[in-house]
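Consider the single chain below, provided in structure tokens and representing the form predicted alone.
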Amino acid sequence: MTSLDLALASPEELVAAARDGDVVLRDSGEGLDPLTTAVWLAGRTSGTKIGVSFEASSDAMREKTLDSLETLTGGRVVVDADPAAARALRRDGIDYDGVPVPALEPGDRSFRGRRSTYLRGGSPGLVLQPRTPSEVAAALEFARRHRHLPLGLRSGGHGISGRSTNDGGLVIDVSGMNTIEVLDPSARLVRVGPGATWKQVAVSLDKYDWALGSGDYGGVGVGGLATAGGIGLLSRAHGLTIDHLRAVELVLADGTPVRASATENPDLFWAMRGAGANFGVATAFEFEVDEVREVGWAKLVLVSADLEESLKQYGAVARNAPRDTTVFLVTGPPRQGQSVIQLYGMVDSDDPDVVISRLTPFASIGMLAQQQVVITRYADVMGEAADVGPEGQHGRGEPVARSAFVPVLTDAFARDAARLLRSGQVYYFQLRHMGGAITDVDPGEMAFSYRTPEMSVAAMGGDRQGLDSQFDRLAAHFDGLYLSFDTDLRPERVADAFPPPVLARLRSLKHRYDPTNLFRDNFNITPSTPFTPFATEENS
């Protein structure tokens, strides 16, 4: 890396050096302004990393400057702040001198890549980055000493709910725990760290002709999805992600490392599959994966002058689709009387005739405007996700989203959903096709209990009150919700997410495993009295 003195170097020399490799701009107090020069130089070159040091006059000015540099240069300008200025960014109430594990604080160069999530802006006071279970235990001990602060748990930082960051609190970031290994090839048993992304998992499994259904986007981290559910493109063919979980290793709130499976701490294993964020920090997952070779992958764009009718038709087609077929629908508010409908789906078959026959009924719900249908690998589909890279996620503001399960996509639901989209309060509306293999699992086997809905619905808007007022009008069509797609913090949402007996059992287990409610910032399940088995004809 070339070091350049701005008091001596000419613009031509700066460009020539930057084109040869990364550079550091040194400010001696004379000559060109370092920040202005850095942005100019970024515009004259491509790919070069440009280092620069400066001392801002205020914390607010420094943050505004860094935001501007990030926007203008795509993260290529690296600012090495003055140490005194960096310390000034520390938040009150945090023992920065007693941090027991690797961590990032607001003045650190890499902090900006970890403070926000995919959709939510954040400004935590400290991001702890443990890489082993013992370091996770140390991070949790630090969190217990800071109970007055919010606590977020982060793997990939992609979650729509945004609960993995906060303002002024702590974040335990396990993204560094991202190993993937095959434990037993004959049983297709794999071990995955919570910090891996599903894109990485798919690539690792693909060489064996294996796959593990994992939502619809490869950039999502394993940790959050593998403890919540995993409604994805292979779900109707092979079940939810958590249906393949055979064991989970985690660290409890008191720092105790445990293993949960069908034979080890089975009650905790039950809770971790659907409500895991309330019970501990997962450090490894063991999955039994599926044999999946090539699949049919489709992206269809349709135009409809009658959104209500198209939703009805989609429901009818989806209801009768073979279980090897999963098709999601995305749309937004109609414009000039026309709705653009995007369908993206997967057929677990490498036979082109089968793939076309499965998809053709879906293509008839509107006027087909664009299509892309290919036979490909599941890993290639997950690979369409962009690599986040060291610059991390850069969400801003607060996401506004609602979620629900729809037992049956009725004509009345189609009518009310079309009205919702015409309200102006929703800019993104998604229906996830359920059924098939999802229904094969007994609802009582794990905390995720909603096995029979036809659809999962998610809606996003720009105004909390506006979206809630419109979405709540559809409540008669709903039974349950998927917390990972919801940002509504009203306590009713937790009650909606779990049937009453399930929530009662979860609260009892919370009392056993986290009695002080350390894990309270991700749709909190509050502790209650110890759980008593429900009465049945045999024991009543």
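Treat the numbers as computed from the prediction; the structure is a model and nothing was measured. So that there is no doubt, residue numbering starts at 1 and follows the sequence shown.
This next part talks about the form predicted together with a small molecule, which is not shown.
Asks: E135, E308, D290, D216: which sits within 4.5 Å of the small molecule in the predicted complex by any heavy atom?
Replies: Flagged contact: D216.
Asks: Could you tell me which one of F362, Y450, F142, Y118 places a heavy atom within 4.5 Å of the small molecule in the predicted complex?
Replies: The residue in contact is Y118.
Asks: Look up in the predicted complex whether G436 has a non-hydrogen atom within 4.5 angstroms of the small molecule, and give yes or no.
Replies: Output for G436 is no: heavy atoms all beyond 4.5 Å of the small molecule.
Asks: Any of the heavy atoms of V347 lying within 4.5 Å of the small molecule in the predicted complex?
Replies: It does not: once the small molecule is placed as it appears in the predicted complex, V347 has no heavy atom within 4.5 Å of it.
Asks: Just checking whether S155 would be counted as a contact of the small molecule in the predicted complex - the rule being heavy atoms within 4.5 angstroms.
Replies: Yes - in the predicted complex, heavy atoms of S155 and the small molecule come within 4.5 Å of each other.
Asks: Decide whether A379 counts as a contact residue for the small molecule in the predicted complex under a heavy atom distance cut-off of 4.5 Å.
Replies: No.
Asks: Mind telling me which stretch in 419-427, 224-232, 127-135, 255-263 gets its heavy atoms within 4.5 Å of the small molecule in the predicted complex?
Replies: This holds for exactly one stretch, 224-232.
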